[in-house]
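The form predicted on its own is given below as one chain in structure tokens.
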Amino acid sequence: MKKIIKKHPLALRWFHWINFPILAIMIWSGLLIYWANDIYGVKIGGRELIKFFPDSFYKALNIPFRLAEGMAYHFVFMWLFFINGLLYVLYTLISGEWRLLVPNRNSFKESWQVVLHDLHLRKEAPAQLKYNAAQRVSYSAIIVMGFGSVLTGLSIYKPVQFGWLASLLGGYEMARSEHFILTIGYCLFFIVHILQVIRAGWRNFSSMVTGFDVVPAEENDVQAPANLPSSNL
């Protein structure tokens, strides 16, 4: 016998699905801006060994030399990114969902155990409530990264008006580098997140759409305490 259990609140699902295309557009438009001054790479002794984005990459995606278009999209969607992120944080604080998301003192240790389990190097995964330790660490980190993107973005968008902010971040060039590094972090998070969703299967994905999960009765009987929703997401 199977049971239907509530898994994800409507608000969290909305914030999740709204943020996904917004962040994708922010990364895409950021590439348009970056191409206008493509300066980053791995250099040793003044010799460039690796360029992050070779010319073939931009040509394949048909995005070279579109600075004005990239800035227009970036500056519009950054407000949607900020508003959606702010509402998400406020919701988790008011609803109490933050208790399920914020890492505890054991999360960093257990997150490695989760990684080892996912790589089939450990037989058993550590106990979890709604989210496992690795998810708590990564989901909390993405909030901090979003806050960092807003600060670094403002400092390079208005370096005169927000000169004090740029100074706190190490100067204009440092703030731009930090913004670029955060973007790489988002891309890595995207890749890992999508691979984990595929690995978890259709049931996990559908619960993020409907908000409910269908589980065997015995699985529902061993869930977390009643006031904390249980899942394998």
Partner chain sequence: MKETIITERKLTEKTVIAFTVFILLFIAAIFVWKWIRNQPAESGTLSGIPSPLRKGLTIDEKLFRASFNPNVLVKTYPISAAAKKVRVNGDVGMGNDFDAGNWKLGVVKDNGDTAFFSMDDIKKLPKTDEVFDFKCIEGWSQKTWWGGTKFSDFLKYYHLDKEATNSFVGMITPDKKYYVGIDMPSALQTQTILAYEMNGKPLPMDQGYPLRLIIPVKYGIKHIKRIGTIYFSNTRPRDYWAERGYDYYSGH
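Positions refer to the first chain, counted from 1. Please read all numbers here as calculations on a predicted model, not as lab measurements.
Keep in mind that the form predicted in complex with the partner chain is missing from the display, and what follows is about it.
Segments offered: 114-122, 101-109, 78-86, 133-141. Contacting the partner chain in the model of the complex at heavy atom distances within 4.5 Å is 78-86. The candidate spot formed by M71, P159 and F212 lies fully in contact with the partner chain in the model of the complex, as each residue has a heavy atom within 4.5 Å of it.
A heavy atom within 4.5 Å of the partner chain in the model of the complex is found for exactly one of F190, F53, F180, F205: F205. Remark: L168 does not count among the residues lining the partner chain in the model of the complex, judged by a heavy atom distance of 4.5 Å or less. Residue contact with the partner chain in the model of the complex: E173 places a heavy atom within 4.5 Å of it. In the model of the complex, the partner chain sits within 4.5 Å of a heavy atom of I25. Proximity of I33 to the partner chain in the model of the complex: non-hydrogen atoms within 4.5 Å are present. In the model of the complex, no residue of 95-117 lies within 4.5 Å of the partner chain by any heavy atom.
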